[in-house]
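Taking the form predicted on its own, here's one chain by itself in structure tokens.
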């Protein structure tokens, strides 16, 4: 069996400048901080980040933003990180952030569509608003829907609670947010997990993310707490 266990630095080494990276979590809950820290240390630039939000200052995706590594951000809610608005509105082209806001349910389904090989899906969310700009509107039985296209990434950084050496992963509570679907929608998936166990150490009935999706496993993620 392929040895998937790596250090954080080894795991993020393939993430180069300009990569498209999905990051799990909701306001940093469920975000693999150990992998974020390694990516900050690596310093890859011009990243396109797909996530629910921009974390908060000093935590989660917020660390990448503060370090000037994000060029484009696909997100649903960015209000808890004031740096997003500042970077969106700056007159400095070298520091400007291209932020693409997506309704949260639409974001989740676009990632799910990418992971399941679908060509897109129809949703009434955003019809008649700026969300609909540039999108195809399809009318079905008297109701308008937007055609939303799938999202895929080069890499996904996800956070597990317990992971076996093959990559089978379970999540604790709301740390599960966005992680399972992102694990299916990226070419290379890295799990930062709190606990690594031997194969057989995770009850098959509890597995949420199958190891077939996982390329690298990094131990040492700390259990989630509200404090940093």
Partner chain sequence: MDVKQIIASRVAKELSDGDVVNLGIGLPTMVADFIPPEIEIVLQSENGIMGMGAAAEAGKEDVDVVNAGAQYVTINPGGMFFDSATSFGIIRGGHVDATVLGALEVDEKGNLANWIIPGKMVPGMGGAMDLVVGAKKVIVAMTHTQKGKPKILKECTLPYTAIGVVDMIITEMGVMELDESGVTLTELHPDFTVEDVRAATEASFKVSENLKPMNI
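This structure is a prediction, so every number in the text was calculated from the model and none was measured. Residue numbers count along the first chain shown, from 1.
Not on display, but discussed next: the form predicted in complex with the partner chain.
> Applying a 4.5 Å heavy atom distance criterion, does residue 173 contact the partner chain in the predicted complex?
Contact with the partner chain, yes.
> Indicate whether residue 79 is a 4.5 Å heavy atom neighbour of the partner chain in the predicted complex.
Yes, residue 79 lies within 4.5 Å of the partner chain in the predicted complex.
> Should residue 140 be classed as touching the partner chain in the predicted complex when contacts are defined as heavy atoms within 4.5 Å?
Residue 140: no contact with the partner chain in the predicted complex.
> Is residue 105 near the partner chain? Define near as a heavy atom within 4.5 Å, in the predicted complex.
It does: once the partner chain is placed as it appears in the predicted complex, residue 105 has a heavy atom within 4.5 Å of it.
> So, a 4.5 angstroms cut-off on heavy atom distances: do all three of 57, 67 and 151 pass it with respect to the partner chain in the predicted complex?
No: no residue has a heavy atom within 4.5 Å of the partner.
> Note that the partner chain is not shown here; using its position in the predicted complex, name the residues of 181-200 with a heavy atom within 4.5 Å of it, in sequence order.
Residue within 4.5 Å: 181, and no other.
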